[in-house]
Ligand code: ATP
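Given as structure tokens, the chain that follows is alone and in the form predicted on its own.
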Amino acid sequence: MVSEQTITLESVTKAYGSFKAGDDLTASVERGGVWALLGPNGAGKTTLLKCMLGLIHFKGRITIEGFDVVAKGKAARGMIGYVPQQPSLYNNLSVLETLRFYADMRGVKRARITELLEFVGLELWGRASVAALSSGMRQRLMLAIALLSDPPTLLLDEPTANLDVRRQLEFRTLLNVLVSEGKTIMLTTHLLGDVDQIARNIMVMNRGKLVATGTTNELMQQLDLSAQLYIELEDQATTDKAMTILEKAGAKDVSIKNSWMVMGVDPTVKLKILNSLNESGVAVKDFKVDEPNLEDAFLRLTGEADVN
């Protein structure tokens, strides 16, 4: 029976002297989808990936697809495809030569190379030297290398940090295809757009600690983040009546700004609040909503801002 957890962390700690890049990290990553390891630069994200790969010594226990990365390191690494933030490639080799080198080293049949070149969109660049590739192409080549042995789990370290917007979109499309094929992807990022666009679940790190885990909506509910609701009434003379109705319906901190009534509301009940005005005979001329977003949650979780 295949485990539902592709990655497990048990009290993982990595210290450099008195500084803890990973501080008693315990979590599990369920199979399938994109998991974003989110945090500011220096939070410990890359260190955690290196622990998962067995590249550095740590205290605690990590398993990949059920294999302990220390006791059964070779088997665990065989379950992983890894794309580092800075591609490490041989500039004097061609794209084809690069893939053949890694395929031979891993015992992968060369027929797999043609398939992967087409998948990452480099089929016309096989004879080009690695030195001639753009940043986006080099990143796609690294993804092809990571996929050579068709691993079930991918670890990607800041995969779109050095790409322009167009290349970021192309890379996200590739990841969505991999997810549809059943892959589990963990990516580190400090770019919130990556998370909003492709991640199913989020793990937030700050100063070596795991400070939150969940979906975007779960994190916002956990932090009690409010949407800002703006309402313009047909008749300004009904403002006092509207304010009483809104407060009873659950609106918070109702105030008046020019012709707008402004309030905080739970994002899940904003329509209920609007309907309470209609049911009480108060006509609404216009309304707009500013939803809470991942940036608000991130700043609250990392203590970098006070979100109202």
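Note that residue numbering follows the sequence shown and begins at 1. Everything numeric in this text was worked out from a predicted model, so none of it was measured.
Absent from the display: the form predicted in complex with adenosine-5'-triphosphate (ATP). The rest refers to it.
The stretch from 276-284, 36-44, 257-265, 242-250 that comes within 4.5 Å of adenosine-5'-triphosphate (ATP) in the predicted complex, counting heavy atoms only, is 36-44. Taking the partner from the other structure, adenosine-5'-triphosphate (ATP) in the predicted complex has a heavy atom within 4.5 Å of a heavy atom of residue 85. Of the heavy atoms in residue 9, none are within 4.5 Å of adenosine-5'-triphosphate (ATP) in the predicted complex. adenosine-5'-triphosphate (ATP) in the predicted complex comes within 4.5 Å of no heavy atom belonging to residue 167. Using a 4.5 angstroms threshold between heavy atoms, residue 72 stays clear of adenosine-5'-triphosphate (ATP) in the predicted complex. Not one of 65, 67 and 102 is positioned with any heavy atom within 4.5 Å of adenosine-5'-triphosphate (ATP) in the predicted complex. When adenosine-5'-triphosphate (ATP) is considered in the predicted complex, only one residue from 77, 172, 209, 190 comes within 4.5 Å through any heavy atom, namely 190.
Along 148-164, one residue reaches a heavy atom to within 4.5 Å of adenosine-5'-triphosphate (ATP) in the predicted complex: 158.
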